[in-house]
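One chain is shown next in structure tokens, namely the form predicted alone.
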Amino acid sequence: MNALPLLTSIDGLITPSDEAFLPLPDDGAFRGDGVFEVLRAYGPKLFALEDHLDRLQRSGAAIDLTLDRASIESETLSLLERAEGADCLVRIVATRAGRRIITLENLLVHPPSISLATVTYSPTVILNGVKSLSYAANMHATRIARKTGAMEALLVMPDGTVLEAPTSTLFWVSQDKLRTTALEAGVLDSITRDRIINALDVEVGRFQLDDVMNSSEAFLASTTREVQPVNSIDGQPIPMEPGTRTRESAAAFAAALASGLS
């Protein structure tokens, strides 16, 4: 695998990332007023580019932010050409000032499995389903979880309804059924989540934390993680890690990946 050149495109101008210049003022930087997407590049190909751009547009529309989709797409592809075939992450950011920021980033290194700690969280209804730049609460939830010795947070509403991890969808197996939280509860419409639900028999609904704590297996799913088994929640081990349904979901996503690269 080739080394990744860390590059940034701002409004189509590509520079080394440490030399990129963002004109200010911009409420994207000052107030977190903007939207973003993160895509996975497998060599020269992006996974589900159109789906990510569709969601970026939905996020923009939800906060009355008009996007130049054609420019974002062409600038993304132009920047990816400069990755020289390296596997990487591609981050797309659109700010309130109208800036188009696209970056090449190294892949995150995830362990084979992950421990979670529950963090009480109330979704902001006005931003439900929006990948806005206002992610400070999500990031702080991870820091809270790590202070307990866990690796990541599991967001749970005050009434005990299970949501998701700060940047990932949670799936688990309870009563021999693969389950995940319904979008209506306030979780993100994850593209990886969508691929797994479309491929397998998944029960979608509102579930209490006890259902997850009594699960036989669980895993996180996201662009950066793909499918990552969960080994414990609040210090309580998950019996099977990875379990049969986790492996089945990983295989289903791998098949979706093979057909979804562009």
Ligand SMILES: Cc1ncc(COP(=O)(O)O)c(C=O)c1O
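Quick caveat: nothing in here was measured; it's all calculated off a predicted structure. Quick note: we count residues from 1 along the sequence shown, nothing fancier.
Omitted here: the form predicted together with the named molecule. The next part is about that form.
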property	result
Heavy atom contact within 4.5 Å of the named molecule in the model of the complex, the stretch among 108-116, 168-176, 72-80, 143-151	168-176
Heavy atom within 4.5 Å of the named molecule in the model of the complex - the one residue of Leu104, Val162, Ile191, Ile101 that qualifies	Ile191
In the model of the complex, the residue from Ala41, Ala221, Leu56, Ile233 that sits within 4.5 Å of the named molecule by heavy atoms	Ala221
Partner proximity in the model of the complex: Ser134 to the named molecule, non-hydrogen atom cutoff 4.5 Å	no
Heavy atom contacts to the named molecule in the model of the complex at 4.5 Å, residues of 11-36 in sequence order	none
